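Quick heads-up: it's one chain on its own, the form predicted on its own, in structure tokens.
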């Protein structure tokens, strides 16, 4: 039986659609209206939302670390967060499989579950050299990679040309994303992808208790596609929004929302970026944004007043993003122009801090509607004391690395990245929206196959874990 996938955005052609220009890449991001609220509102758009076939991975940085074994049992080990209904050992073979399929390049990884990667690490550019030098001076262990970019040709894909535009779409198709790694195989085996098709509701049969398919809008026309099984992969804003909009007599508060869990426990990672100025030219744009990183501060340190931890990696913002970074520090006019002219002399590191899952951090439906007549998502977010302590600790480490490398000036911008949660997995229907296999408790032919099912965030970029979970779901569908 053939499957059909829907995407609200276009089917991208990298040769025709993607350019080496930040502004020209803006169409890659989900910029439809959304409401943000709370004491620490999280901006949405280019930092955490994708639009188009291939999803957010067409503009992710290419960084592909694993979660640590401790991420799956933070409640038991650290007294915070939540325990997953599966453990790291169950996901390990899928991590290994996806690392080979993408493939991932990097040095041997000593943190978490120590492991190697199928491709050797890439050459390091100026920003990576700064972190290596600063890490050595500060006594911090750093490693090259892991990135989902083959080191050399791979199949029909060319070698990375180190143009530094991973976040704006890899025009040469060296960086992995479902658009070039998995969808071509799916299409060759009979799958169909309907682009520019906005799914607005999930159909539900009150008599059978099963999902019947999806309502969607394409070319301004409302349509319905019947299905024997429905898998949602809209991520942490659009998946809860879709479920909450799919009301019925059985689910008056939204599909799968019997226990008021849909939309709750949405997490971001605190992602401050600290820049350092050097007398020599660094030219940080001449490489993939993530080159060198450390997970030395990933786990809970009993000597610290906070739980869990953070990672640090090179990030290498391009000029428009760099201008936003500088302007956020209050530099404007002639002062801003001076910093922009000085751009080649700066190196930038970024941290990923594990913010904790809180029930009040959630997606609900706003009163305003979008161009499809669908209520807009309202994303409410508050930080807790633990989150704020992690931000301060991460900034101190990044400053120490940059100053150890010889930086004469540093500055930090606070930002956020990597949405997960909103339809978390749990051991029972009172703990989660879906079970350990991604199958919903309330509607057994409805699955969720995206980052919204993650119970905790970790300090690692979540892309590889999301893909490993999806691979595990697919295998369990084939072999129950």
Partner chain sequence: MSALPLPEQDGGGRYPGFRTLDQGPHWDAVTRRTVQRRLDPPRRVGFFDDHELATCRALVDRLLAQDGEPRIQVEVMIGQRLAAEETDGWHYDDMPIDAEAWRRSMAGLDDDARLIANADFAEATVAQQRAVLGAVQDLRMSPWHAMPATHIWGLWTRYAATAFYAHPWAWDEIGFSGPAYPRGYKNIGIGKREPFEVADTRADEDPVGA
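Positions refer to the first chain, counted from 1. Quick caveat: nothing in here was measured; it's all calculated off a predicted structure.
Separately, the form predicted in complex with its partner chain exists; it is not shown, and the next lines address it.
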{"property": "Proximity of residue 82 to its partner chain in the model of the complex, heavy atoms at 4.5 Å", "result": "no"}
{"property": "Exercise: residue 304 in contact with its partner chain in the model of the complex, heavy atom 4.5 Å", "result": "no"}
{"property": "Residue 384, heavy atom within 4.5 angstroms of its partner chain in the model of the complex", "result": "no"}
{"property": "4.5 angstroms heavy atom contact with its partner chain in the model of the complex for residue 108", "result": "no"}
{"property": "4.5 Å heavy atom contact with its partner chain in the model of the complex for all of 184, 392 and 417", "result": "no"}
{"property": "Stretch in contact, per heavy atom within 4.5 angstroms of its partner chain in the model of the complex, of 217-225, 195-203, 330-338, 90-98", "result": "330-338"}
{"property": "Selected contact from 154, 297, 251, 285, since only one has a non-hydrogen atom within 4.5 angstroms of its partner chain in the model of the complex", "result": "285"}
{"property": "Contacting member of 117, 235, 165, 310, with respect to its partner chain in the model of the complex [4.5 Å, heavy atom]", "result": "165"}
{"property": "Contacts with its partner chain in the model of the complex, stretch 13-28 (heavy atom within 4.5 Å)", "result": "15, 16, 18, 19, 20, 21, 23, 24, 26"}
